[in-house]
Every structure is written in C-alpha cells, then in structure tokens.
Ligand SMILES: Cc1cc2nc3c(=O)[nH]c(=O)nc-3n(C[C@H](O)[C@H](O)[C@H](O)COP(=O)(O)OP(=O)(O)OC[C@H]3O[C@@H](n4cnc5c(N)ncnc54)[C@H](O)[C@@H]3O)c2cc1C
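Quick setup: one chain, the form predicted on its own, written in structure tokens, and binding and motion questions come after.
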C-alpha cells in the first residue's frame, strides 16, 4: 500500500507529491495527459521553432513562492529570466506607467501627484516581503504567522475593495494600473480583498520581478517532476482517473482537480454544488516576424504588458464578461512577450507573443478581431508582424486542461468570499467528506497561479493525517 496517491500533475499536484516524498512517504502521481504540466506547459502551437506557453507564461508568484524557493529546482533545469521591466501599462497617448524592480522608478512613472503615496503604501510591506508572502500564501490554518503585525497591516489595506485603495491616488494612470492588476484574477474591482490582489502583484514585481522560465513554462513542471523522481516518487501519464477504484490502494488520495471532478470521482454528490466557476478567456498565441511595435517605448522592454486605456474601460470589460454574459467590445488584455527575456523561444529575429481577453464562461464566439483592434490602438502595425496565430476560446482551454471548467483558468471564480474561502467556507479547505481524500488544486487557498502553494499547504494536511494513522 502506498502512503499517498496524487491525481493531476499540474504545479500543485507535483508540489504536493514532492513535499510528501521529501518527508519519506511513498508517493505515486497519475496524470491523464501524456506529459506533466497542467497550466505550466510549453508547445509549438503555431510554426516550427516557436515555443509557446498555452496558459501561464510570466511567473511573479512562481519566483516568489515560498514552496518553490525551498526546493532545489535550479538543479533540475529551472532558470528564471527577466525582461528589463517586469510590467508596462501603456496608454493611448503613447505614455506608459510601469512596474519596475525599483520602487522609485515605478513611483516616478505614476507622476508627481501620486509618487509619494505609492512609496508610502508599498515600502513598509516590501521590507518584510518574504515573511509576508509566506504568511499570506500559507493561510488558513496551515502555519502560524511569523509576522502577525505585518500580516495585520497588509490585511487592513488589502481586505477592502480595490476601489477603496484607489482613493489614495489622484491621477487616473495609477488607478488603471491597479485595476489591471486586480483583473489578473478576473475579479470585479469592487469585490472584497481585491486590494490585496493588486498589492501582491506590485510587491512581487519589486521583490523579484515577473520572470519567464528559460525554454518555457514547461521547465517549471519538468523540474518538479525530475525532483519527484529522484526522491523515489512514481509518475504515471496517460492515466485517466474516473473513480477511486481506478487508483492503487493508498493511505491518502490528493486531487489536483476541479471540485466538480473530485465530487464525481469520489462520489461526493452535491458537496461542491455551490462552488462557482468564473469568466473564461479567449487567448491567442502569435508567431511574429519582429517585436510588437508598441507606441510606448517602455512596453517594448517589458515582459508583461497590460492593455486597458482607463480604470473605467477595464471595469466595463470585467463586468461584461462576469456579470452581463457578453464579450466586451474593448477587452482588457494581459499580454506576455517571452522572447524579450528569452530569445531561444523563437528563431533568430522572430518573437513569440500571447494575449488574452476575458469572455463569459463557456462562451463560443471569436474575439480575435476585438483583441487585434485593441493591440493596434497601442501598437499600430501589429497585424503586419503576424506570421501565424493559434486561438483558444473557452472550449479549447477546457480541452487542454480539465480544471478549466467552462474555460475558467482560475479553477473557480476568484470573486466575493470565494476569492479567500474556497472551495467551501471552512477552516480546513484541503479536507473533504472522506478522511483520506484531499484537494490541492487552485480551487483551494491561496488560489490561482503557478506557485505550488495550494499543493504545499494540502501536503501539510496530508502528512499530519499520515502521522496520526
């Protein structure tokens, strides 16, 4: 009998398996696809020699993850590469605000009226970032806070809606930047704790940047898998699990799946019936003949570029996708240009680039024209650089990753109370009705992103049970 069986080889499933194997437990991991990766994969989607990330590409939470930083992943080929700027947010007049590693440079890009307010907001938290990140990403009761004072200070600022945080600032540029940061989790700007979302992304940029992985996001998953194998763990691919009886006997079962899939496999009925799935994305991967011709020079050197002309435009796009059931006319877009930091991702002189806009869950339309109209607003002549494109709407995203129910790449709506309390209101979110079955996907705290902390936290709950039994 194995000590633990893990189902799903995304970053959280791999991390949970590694954490258990590191502590001497026998572990086997089962993945339905032919390779490991989940939301951290790399494929040639367009033309030979162009290596694209079908989902996650930039990794502000990955490089700052307490779980990943505690593992020797660099020995297994993981190398973080940085563009000159972590993030830029251009505006229609050709200017841009930036998130730089330097707080001073970032504050200066917001203008003199808001520079001081921004510095006063982030500097006290940045000074204690490593401890704060560990405390924030380990909640709830998986570890006692190491710095409860800083965590409480962060909570006072972060728990209110982002619309409250924006009242600290005068100019619209910095408000648009924070609206864009919140929109990374596809949450309405007025939702609780959305200030925390924006702050975490800003602090992560100042602490260690928003890098890409050399060779693609698959490098993150491959490093975790190689380490797991060295620890004695077994990995079985092309193995779809439809019920618990499909798995070998074990003392614990850990699922890196959606709550709906877990309920179906484990026979939990309607236990997760109230869990909500959020908006989806329409994503385009591009092979380009040259760099994106951004009007704002800062955007040309940034790894990630947010596209939204104003806070109002971003808010309207979020409302359209999450509340009104329609695709926005001017989508808010997150774009990543990996080859700015990693030229090996494309043939010499060429580039890979991806962009996505938010659409309703399960939407079946085509957002290509709307996305490219937005890109042309900020990068005139963009279409002339396109060699090939690969589009993926909600159905294609769900087909690539079963955790993306209806195309929801956050594995559940990250809005309202569900942003913090997921998949159910519980002090023990990794537990399920069966004492030997656990869940470790992005449907559990701290939520979406390639950081492995949901798997790390769930592994703690598992090894405590294993030690007890």
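Numbering follows the first chain given and starts at 1. Nothing here was measured: the structure is a model prediction, and the numbers come from that model.
There is another form of the same protein, the form predicted in complex with the named molecule; it is not shown, and what comes next is about it.
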| item | value |
| --- | --- |
| Region of this chain that lies against the named molecule in the predicted complex, out of 400 to 408, 429 to 437, 44 to 52, 413 to 421 [heavy atom, 4.5 Å] | 400 to 408 |
| Exercise: residue 239 in contact with the named molecule in the predicted complex, heavy atom 4.5 Å | yes |
| Residue contact check: residue 175 to the named molecule in the predicted complex, 4.5 Å heavy atom | no |
| Close approach of residue 32 to the named molecule in the predicted complex, 4.5 Å, heavy atom | yes |
| Residue 7: touches the named molecule in the predicted complex, heavy atom cutoff 4.5 angstroms | yes |
| In the predicted complex, the residue from 162, 257, 280, 374 that sits within 4.5 Å of the named molecule by heavy atoms | 257 |
| Neighbours of the named molecule in the predicted complex among 300 to 317 [non-hydrogen atom within 4.5 angstroms] | none |
